[in-house]
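Quick heads-up: it's one chain on its own, the form predicted alone, in structure tokens.
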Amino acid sequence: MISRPVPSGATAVAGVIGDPVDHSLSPALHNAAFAACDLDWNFVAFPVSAGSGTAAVSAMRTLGIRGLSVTMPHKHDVATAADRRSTEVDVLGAANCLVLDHDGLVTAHNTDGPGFIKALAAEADQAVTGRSVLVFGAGGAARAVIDACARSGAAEIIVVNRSVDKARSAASLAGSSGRVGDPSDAADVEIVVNATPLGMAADSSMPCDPTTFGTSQLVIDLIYDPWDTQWLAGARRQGAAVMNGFAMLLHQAASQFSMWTGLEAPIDAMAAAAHPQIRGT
């Protein structure tokens, strides 16, 4: 076991804000990273009620909180309240990472999309460049994936969502490469991504029939609890390559760690700390 420095007045503080936030794996991920790098940092979960995201950004400046991971429902509010925003945040209108810079100003980032692309490369040895992608969903996670796939040169990005208007808005992030589709399109693309809550926890719902998949496809479920959703299991039985959402969670968190500390994230230590907290691992 790696020993941690005893917290003191010199300890740097980072954390995660959300409502709720008690389920977050961020403390396990980041405290393991701080310990592995022998950093005098501490990461805590801050329950912040809906509507108080702007106040949390002000608290960063006042208390000297070095970094914040941001989860629902604060991603839009903190993006607006930050002093500076990355290109991804400007496009998406949402941030999942805040950095207190040396000048005392807060910069908002969104590491979800880049985390998805890094996860593809690290865990599946694949890329989206020149390939066809279908994304189920049009919420925050889906939009981050669509934007990242477009930036990485996907040839076509199809968006499927119950609300056609929301699907159209999400598809527009991909410019001329994006279009609205329907579940039947999943049989004909190279990469399929579930960015909806369908299949989470005890829910057995699926975004589409997995028997339509084949051996040439990569099927990704952004859910990681349970570790193996029924949808992924069904895709695997059809011979498709599959990946759950843990790799994206891990790599987006690693990017945040590097933004805060300037160091390369210890991926293996972070993964080892979080795995025991997920069902089915």
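Throughout, we count residues from 1 along the sequence that is shown. Note that the structure is a prediction, hence the values are computed from the model and not measured.
Beyond the structure shown, there is the form predicted together with a small molecule, which is absent from this document and is the topic of what follows.
Looking at residue 162, you'd find a heavy atom of it within 4.5 angstroms of the small molecule in the predicted bound form. Contact check for residue 130: every heavy atom lies farther than 4.5 Å from the small molecule in the predicted bound form.
Remark: residue 210 does not count among the residues lining the small molecule in the predicted bound form, judged by a heavy atom distance of 4.5 Å or less.
Residue 173 falls outside the set of residues with a heavy atom inside 4.5 Å of the small molecule in the predicted bound form. The partner is absent here; in the predicted bound form, the one residue of 183, 197, 73, 153 having a heavy atom within 4.5 Å of the small molecule is 197. Between the small molecule and the residues 60, 48, 223, 29, the one pair within 4.5 Å by heavy atoms in the predicted bound form involves 223. Judged by heavy atoms within 4.5 Å of the small molecule in the predicted bound form, the contact stretch among the candidates 97-105, 76-84, 132-140, 174-182 is 132-140.
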